[in-house]
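Just the one chain here, the form predicted on its own, laid out as structure tokens.
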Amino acid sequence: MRVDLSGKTALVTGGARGIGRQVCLRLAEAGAVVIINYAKSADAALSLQSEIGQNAGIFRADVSKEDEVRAMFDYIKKTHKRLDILVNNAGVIKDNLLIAMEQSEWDKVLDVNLRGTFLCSKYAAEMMMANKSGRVVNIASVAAVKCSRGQTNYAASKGGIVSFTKACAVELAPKGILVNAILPGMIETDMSARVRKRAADAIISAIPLGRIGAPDEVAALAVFLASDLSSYITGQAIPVDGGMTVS
């Protein structure tokens, strides 16, 4: 079954690396025009834009800052006139034990992961309502439902995204906008490298499929949820975790 996103415009936050990068590639392969958002990875964003070609644009914005998010959506309105797909992928991780966690570590993770999802969804919904259709895909984490030590900030942010997804789905469904979340498990990205290096064997032993996941396995679901093939799915939080959350 072929996904056809021709004529669609998509924004992927944190799109230059890891899961976001693969989502951008998959969306472009399906025919969408893709705006690659980044905060710090300028070289990676430019490289990805070059790889995709004329169907890609880039925009630097810290999604936790409303003025920068507003500027990004003003750019989309001016250059593309519409937005059909938003993938809220931008995220950070700052693990620490609860009693040692600094306020700055808590704030940074909640600001980028949760506030960023809120801000981008708010401005995207406004644009999508004009066309009475749209798709929002929020990249959460299995940490929302299966927590690890040292991740109170990360788990709170991702759990918040799941609840936010469900509330948005109810609110936006009458406007033709579908909102879903993906909960990746242990995926081979730069963000997970330190954890994988420290405890790869223990992690793999907890995964029924017995391996680490690939970014493309998350991206495939993101593109499906962004397409018309998912027209009766909204408010869902779907794990892509090799069975980790049911083991």
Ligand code: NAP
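Residue numbers here begin at 1 and follow the sequence given. Computed from a predicted structure; not experimentally measured.
The same protein also exists as the form predicted together with this ligand; that form is not shown, yet it is the one meant from here on.
- G18 belongs to the set of residues with a heavy atom inside 4.5 Å of this ligand in the predicted bound form.
- Contact annotation: I139 falls within 4.5 Å of this ligand in the predicted bound form, judged by heavy atom distances.
- This ligand is not shown here, and in the predicted bound form it never comes within 4.5 Å of any heavy atom of L172.
- The closest heavy atom approach of K40 to this ligand in the predicted bound form falls within 4.5 Å.
- Heavy atoms of every residue among A61, T189 and S192 are located within 4.5 Å of this ligand in the predicted bound form.
- In short, of 97-105, 74-82, 150-158, 173-181 it is 150-158 that has heavy atoms within 4.5 Å of this ligand in the predicted bound form.
- For the candidate set V112, V162, A125, L119, a heavy atom within 4.5 Å of this ligand in the predicted bound form is found for exactly one residue, namely V112.
- Although this ligand is not shown here, in the predicted bound form the stretch 89-106 places heavy atoms of N89, A90, G91, V92 within 4.5 Å of it, in sequence order.
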